[in-house]
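Form predicted on its own, single chain, as structure tokens, below.
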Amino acid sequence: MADSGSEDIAVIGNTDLTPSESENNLKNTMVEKGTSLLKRMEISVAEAEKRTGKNAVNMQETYTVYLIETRPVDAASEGTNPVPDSLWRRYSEFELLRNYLLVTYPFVVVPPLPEKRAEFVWHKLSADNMDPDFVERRRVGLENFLLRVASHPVLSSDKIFYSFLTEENGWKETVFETGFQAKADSRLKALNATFRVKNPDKRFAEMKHYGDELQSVISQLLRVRARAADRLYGVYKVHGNYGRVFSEWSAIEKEMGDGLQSAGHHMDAYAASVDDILEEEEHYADQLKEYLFYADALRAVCRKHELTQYELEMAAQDLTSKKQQREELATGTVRTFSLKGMTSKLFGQETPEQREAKLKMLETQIEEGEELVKERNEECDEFVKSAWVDIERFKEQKDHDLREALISYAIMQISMCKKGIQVWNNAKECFSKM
């Protein structure tokens, strides 16, 4: 792969773990808002290609790869137009990249990937993930994902992301070398934190609830849209029956024949246009689906905060317990029932030397516990600060994007209605001339 212009791109991150108009509008919006990478590099997923090969278990499989093209923004401003650097990636590699970002930046509402298999579609549209129309919509979605990451104030500076865009070979090995998988929280651990955290942050609890509700309402909206699209498809196709009947009728009429036949042609054209219209409508549905998946990314940040808070509370609880043990050992009084206390009563007290050794060990554990609580407090405070900044950024982006998507969808519906009125106005003119 060519390296032209790659040295001009500054990447400051580290790998340590701690339809076309709207596409162009999205790119322009991101460049205006964007951070270093998108201001310095043009990024696109130019095309998709179906391939056949053998998988990990030596079975033949058919899969799709996507061509990522990048070039320095400076080249365009200088009047040159170099051949872009390019490489192919599978969908599974995009998934790996996103999983890495989720683990490495738990305080970020990480942009979602487009759906793996089509959901909430009108029944005449193929749900096959190898269908050309679906692959094209996924290509647009994958490009959108890259632009979202490249415009993010934190994610855009990550070295692994940059190598995903520029290094075809060895990228996977680089990702796994970060050890991010070992840092991934288990579902059980996160669930435990949800139910056992004693002092949840009200803001994060409310935001998590909002994420649930957002996902619910968008799911309902997409289901309604799919049902409406089915009915619209039926209405359009019925107009094809008008066309057939008018055409047959025209054959038996001398004076009215031309008018009837012309009206039939208008009806046929109207019926035939529905496939393109509804496929275009799917584009707007995909914009809503992005936020269906964004809702889960938002909840993931809230769940991570719960886990951070839970770990702080457990460390504080353990420290309190150790201090109580020290006090009981020093004074010889037991405040709470314990097996140790009962054993001492039955078999005699410890020798002064044993008590001294235990006190010394407890002092060490208390020092370590105080340091751990301090670290957990700092981690929690830093997480809250970073996460809330990103959530506010996400909310602003969401409000803008969903408003634009809904307006565009409404405009499209108005356009379709006007088209239907125009067809019947044309038919009326044909009938008037008979």
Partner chain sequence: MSGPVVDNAVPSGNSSVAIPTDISGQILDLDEDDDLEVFSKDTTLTEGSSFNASMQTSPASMINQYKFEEEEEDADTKDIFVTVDNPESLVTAIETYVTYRVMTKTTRSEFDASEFEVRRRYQDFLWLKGRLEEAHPTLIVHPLPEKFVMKGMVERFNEDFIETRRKALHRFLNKIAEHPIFSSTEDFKIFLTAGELTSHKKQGPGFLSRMGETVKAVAATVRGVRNRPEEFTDMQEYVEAFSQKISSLDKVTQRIVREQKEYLEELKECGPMYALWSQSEEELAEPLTSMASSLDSCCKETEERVKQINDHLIPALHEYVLCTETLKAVLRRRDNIQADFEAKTEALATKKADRDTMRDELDKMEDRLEWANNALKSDWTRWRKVMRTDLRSAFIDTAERNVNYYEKCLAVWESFLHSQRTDAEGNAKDDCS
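Every value quoted in this text rests on a predicted model; they were computed, and no experiment measured them. Residue numbers count along the first chain shown, from 1.
The form predicted in complex with its partner chain exists for this protein as well; it is not shown, and the discussion that follows is about that form.
None of I218, V175, V135, L307 but one reaches within 4.5 angstroms of its partner chain in the model of the complex through a heavy atom, and that residue is I218.
Scanning F180, F107, W249, Y91 against its partner chain in the model of the complex with a 4.5 Å heavy atom cut-off leaves one residue, W249. This chain is displayed without its partner chain, yet in the model of the complex the stretch 250 to 258 from 138 to 146, 167 to 175, 194 to 202, 250 to 258 comes within 4.5 Å of it by heavy atoms. Looking at its partner chain in the model of the complex, residues V224, Y270 and N425 each place a heavy atom within 4.5 Å of it. Remark: E213 counts among the residues lining its partner chain in the model of the complex, judged by a heavy atom distance of 4.5 Å or less.
Although the partner is absent from this view, G234 contacts its partner chain in the model of the complex, with a non-hydrogen atom inside 4.5 angstroms. Its partner chain is not shown here, but in the model of the complex it comes within 4.5 Å of a heavy atom of D399.
When its partner chain is considered in the model of the complex, L359 lies well away from it, no heavy atom lying within 4.5 Å.
Although its partner chain is not shown here, in the model of the complex the stretch 396 to 413 places heavy atoms of K398, D399, L402, R403, L406, I407, Y409, A410, I411, Q413 within 4.5 Å of it, in sequence order.
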